[in-house]
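Coming up is one lone chain in structure tokens, specifically the form predicted on its own.
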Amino acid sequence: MEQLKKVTGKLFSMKTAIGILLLLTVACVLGSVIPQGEAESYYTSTYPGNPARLILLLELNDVFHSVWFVVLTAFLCLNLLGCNLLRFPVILRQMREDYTLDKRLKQWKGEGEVETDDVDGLFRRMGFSKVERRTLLGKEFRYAVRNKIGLWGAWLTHLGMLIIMIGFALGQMKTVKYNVYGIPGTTKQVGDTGYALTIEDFDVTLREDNTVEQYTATLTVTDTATGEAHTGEASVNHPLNLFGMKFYQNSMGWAAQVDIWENDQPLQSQVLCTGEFLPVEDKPELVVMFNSFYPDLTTGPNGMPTSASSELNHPGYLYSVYYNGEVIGMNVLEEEDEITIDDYTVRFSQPQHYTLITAKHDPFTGLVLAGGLVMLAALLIAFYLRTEELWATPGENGRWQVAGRSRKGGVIFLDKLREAAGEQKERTL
């Protein structure tokens, strides 16, 4: 039993918790420095040799889902839980037994920090409203305690951290994400959620130097089962909260109208975003892909197409044409240019912005929020509700001997006591 106590004492100690936190901090730093979730070939080319092998071996390419990170997090949760379980009865005992007049009299030899003639006034000036009075062996005693809830500050802090970590871990396992993109007027299903997302409007705000300041999308989310719909705005760092989901403004790009004619007769028309492709209706083995867009087309120093600015001055459309999966043509079209492939003619026009919206549903967001509120309350309790005591007994000279203590800031507490007694003394004189 004694050996078990030693093991649990070390496992649930503050030193162990600090050690685990340091390892998790290092992991978070590595996860921030090393790009996460890339293909294996990315790491072998970016970090050739042993660094790449080490990254893949230790799963540093996906730190936050690696086995060792999960194990460390589980150990930290176990440490916090064990620490709280062990401390709970101790704190209860402290509240019942440590802060009583009987306990204080066993330890007190009658010495006082200050002397006073007006003991009740001194207790009031020190902020103690409830004072216990008792006569023992012909002597009268005074005792007061306040803010015993302050004993729970550290315990509640650990509890808050534990709730946050459990909520975050469960959220990582249960959170689902859906990506929806399109131009204004587009309506698409949000995965398998039963909700439809309509992109009502999309605006790009530029600074004076033509760099992007903000992306803002006006969105309508509709419950397809009931028809209930709500509209709001989502911008970078300001998600839209609807139907228990958060809709994030993720990124943006360019889209264009693609028209295809067959023998000078309109065949099909569709808006394509960059990276999308369009099979020809009556010849699906023939595919047109919209690779990239240059709003202000120019030629770079290497002879490759680029954009002189972000303003829509001289549109350029980079396309590829595939036949049975093989590239048969690739070029940049300017406005009014056309692609001719046998009997088919293809034209790009009407460039416009599209937006990518990420919908995220985390059923444990409330648990994380609850943990944060517990931690906030715990910190307020720990720093502002300090457990303090004051006790007094008549001295040999007829004046009251008064002493006291505070669990935190004891020196400041005694300075306040001396100051309160000094103010009373000056008034008496």
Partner chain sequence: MTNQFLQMESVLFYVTLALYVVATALYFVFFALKRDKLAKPANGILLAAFAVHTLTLVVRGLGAGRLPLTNQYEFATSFAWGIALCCLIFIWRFRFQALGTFASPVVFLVIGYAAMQSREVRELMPSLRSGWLAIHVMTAIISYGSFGVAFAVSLMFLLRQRNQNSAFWQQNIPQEQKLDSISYRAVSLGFLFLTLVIVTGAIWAEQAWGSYWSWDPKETWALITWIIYAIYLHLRIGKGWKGRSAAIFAVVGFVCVIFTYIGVNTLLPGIHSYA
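Residue numbers count along the first chain shown, from 1. Owing to the predicted nature of the structure, the values given are computational and were not obtained by experimental measurement.
Below, we turn to the form predicted in complex with the partner chain, even though it does not appear here.
Peer 1: Would you please decide whether R405 lies within 4.5 angstroms of the partner chain in the predicted complex, comparing each non-hydrogen atom pair?
Peer 2: R405: no, not in contact with the partner chain in the predicted complex.
Peer 1: Does V332 make contact with the partner chain in the predicted complex, using a 4.5 Å heavy atom cut-off?
Peer 2: Although the partner chain is absent here, V332 would stay clear of it in the predicted complex, with no heavy atoms inside 4.5 Å.
Peer 1: Against the partner chain in the predicted complex, would K106 count as a contact residue? Criterion: heavy atoms within 4.5 Å.
Peer 2: Judged by the heavy-atom cut-off of 4.5 Å, K106 is well away from the partner chain in the predicted complex.
Peer 1: Whether N61 contacts the partner chain in the predicted complex should be assessed with a 4.5 Å heavy atom distance threshold; does it?
Peer 2: No, N61 is distant from the partner.
Peer 1: Can you work out which of V70, L385, L54, L376 has a heavy atom no more than 4.5 Å from the partner chain in the predicted complex?
Peer 2: By the 4.5 Å criterion, the partner-contacting residue is L376.
Peer 1: Which pick from P295, G112, G153, G167 sits with a heavy atom within 4.5 Å of the partner chain in the predicted complex?
Peer 2: Checking each option against the partner chain in the predicted complex, the one that comes within 4.5 Å is G167.
Peer 1: Choose from 229-237, 268-276, 95-103, 319-327 the stretch whose residues reach within 4.5 Å of the partner chain in the predicted complex, heavy atoms counted.
Peer 2: Among the listed stretches, the partner-contacting one is 229-237.
Peer 1: Contact check in the predicted complex: T25, I412 and D415 versus the partner chain, with a cutoff of 4.5 Å between any heavy atoms. Do all three pass?
Peer 2: Judged in the predicted complex, T25, I412 and D415 all sit within 4.5 Å of the partner chain.
Peer 1: Enumerate the residues of 132-161 that have a non-hydrogen atom within 4.5 Å of the partner chain in the predicted complex, in sequence order, or give none.
Peer 2: Heavy-atom contacts within 4.5 Å come from H158, M161.
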